[in-house]
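Single chain ahead, written as structure tokens, the form predicted alone.
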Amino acid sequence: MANPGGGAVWNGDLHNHRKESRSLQGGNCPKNGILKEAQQNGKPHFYDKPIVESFEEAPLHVMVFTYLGYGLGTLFGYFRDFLRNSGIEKCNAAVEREEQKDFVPLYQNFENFYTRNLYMRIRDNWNRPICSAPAALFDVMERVSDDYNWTFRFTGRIIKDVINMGSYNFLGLAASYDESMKTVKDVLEKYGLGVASTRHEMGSLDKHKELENLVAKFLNVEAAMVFGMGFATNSMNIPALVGKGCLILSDELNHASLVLGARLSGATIRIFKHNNMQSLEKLLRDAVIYGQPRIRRAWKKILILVEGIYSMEGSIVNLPQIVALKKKYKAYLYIDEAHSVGSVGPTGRGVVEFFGLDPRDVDVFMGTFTKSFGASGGYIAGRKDLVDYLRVHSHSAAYATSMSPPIAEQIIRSMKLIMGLDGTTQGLQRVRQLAKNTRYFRQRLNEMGFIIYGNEESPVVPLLLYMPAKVAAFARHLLNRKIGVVVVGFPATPLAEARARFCVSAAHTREMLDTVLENLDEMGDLLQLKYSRHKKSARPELYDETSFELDD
């Protein structure tokens, strides 16, 4: 998989496809939606639990009022734009200077229609500045607006001890300084803050090598390489792996970094329905049968892009069946474990461990250190040939500044804690506590009658709000009750599926969760958010569809 433009393969073979292509045939047939792998290293290897995911459909009247709300907002938006253009209402948005009116517009006014007229009305619910570590409790700086959220001013008041339900601090390792962080302080004193060079020049430190060896050991793969920025780990490395003449099959809900990396690569991109194996197999089968458009030559490579946990839906990738399809059609698999590494699996090693699969079944592991490890940056891991190739050809390694040494040490410290190499069981206890908190929080929300999305084991918990006015009211009321939440709307979600996204942490105590749940129960009654009828959505039915139209 080394050469993006050619047909080179890893280690001189294609993951031994001659042996691995038996998946979905013979004794490895799917049962209850789960593929049971026959053998791994001579031992039986199963994932024998059903995949339980919920995407309940909203009642019809909720969808009608949601679209009606957006429709009314759009009408008033056009009316206010008319008033601004007429000079009756002051325009606070960026506009072209009068002397540049004949130039090509730098600011596309119509394209910013949603931002000007809808987002600005509820903008106070985003970008709230905090002034403490993003632990289970944090402090928020109070701010107010005198011009309907176009600008803000700070009041000088600090809202203390807000329960943090929005940060990706899954294992509670993003916290204020204590004695366990002494090694980070020591590294800061020895190395300083910055490296001031790239990995290709003077920016490779012994700390980077130590971290890469530890990541490889943690994931049970041959080698790993770390990068200073998680987003760039995807966007700058995918173009090094595939290029023109290659095909990328991407889940429709993949993160923006995966989408950008795929587009920058120059490869042909096809989208399959979220977690839908019938949709993916149809694309794989057609790719093998028909090859490249017009010329009909075989694709140089076929790369499947998926995530471990999808951050807006809370769903977990159906990895066993994707691995089976990958082997059957001799494709490559790239998995982004930004949200799943550290947060799922018996010992926090991600979805491969969660499903009990062999790490060799995945060609490219990607993950970030920004969630479970309380740091920043990302990694690519897999076979040594892959990592050696990326050390030379990765744009991030060639042009981006290396990871800060104290950050590297924080990751090393966190990873050793999770692996138990610090001589304690605290890491394992945190992983188990996170799983316990996740199941409790999701179960209680279901019992209250909220519509929540995703897998029952996912610590990312989307609660559907739908209507734009309720999005704003929900976040404002909860902050008044000292609960910090993240609300998400269009264009990060479909127009009619605005939601609150809770992130459960091992640092949350049962008392904290009960406080949040009690307030959510009251808020659900106040804003009439308990839409659940415990009826299956149309979305899971996609998993059973057998006919799909391919977009050219």
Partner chain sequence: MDFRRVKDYFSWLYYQYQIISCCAVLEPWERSMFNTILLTIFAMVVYTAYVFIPIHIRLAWEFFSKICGYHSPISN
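Positions refer to the first chain, counted from 1. If you're wondering where the values come from, they're calculated on a predicted model, not measured in any experiment.
The same protein has a further form, the form predicted in complex with its partner chain, not shown here; the description that follows concerns it.
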Stretch in contact, per heavy atom within 4.5 angstroms of its partner chain in the model of the complex, of 438 to 446, 358 to 366, 72 to 80, 307 to 315 = 72 to 80
ask   = Could you tell me if residue 113 has a non-hydrogen atom within 4.5 Å of its partner chain in the model of the complex?
value = no
inquiry  = At 4.5 Å between heavy atoms, is residue 259 in contact with its partner chain in the model of the complex?
reply    = no
ask   = Might residue 203 be said to contact its partner chain in the model of the complex, defining contact as any heavy atom within 4.5 Å?
value = no
key: residue 148: touches its partner chain in the model of the complex, heavy atom cutoff 4.5 angstroms   = yes
ask   = Only one of 166, 468, 345, 172 has a non-hydrogen atom within 4.5 angstroms of its partner chain in the model of the complex; which is it?
value = 468
task = Identify, from the list 271, 472, 159, 284, the residue with a heavy atom within 4.5 Å of its partner chain in the model of the complex.
result = 472
task = Residue by residue through 503 to 527, tell me which have a non-hydrogen atom within 4.5 angstroms of its partner chain in the model of the complex.
result = 525, 526, 527
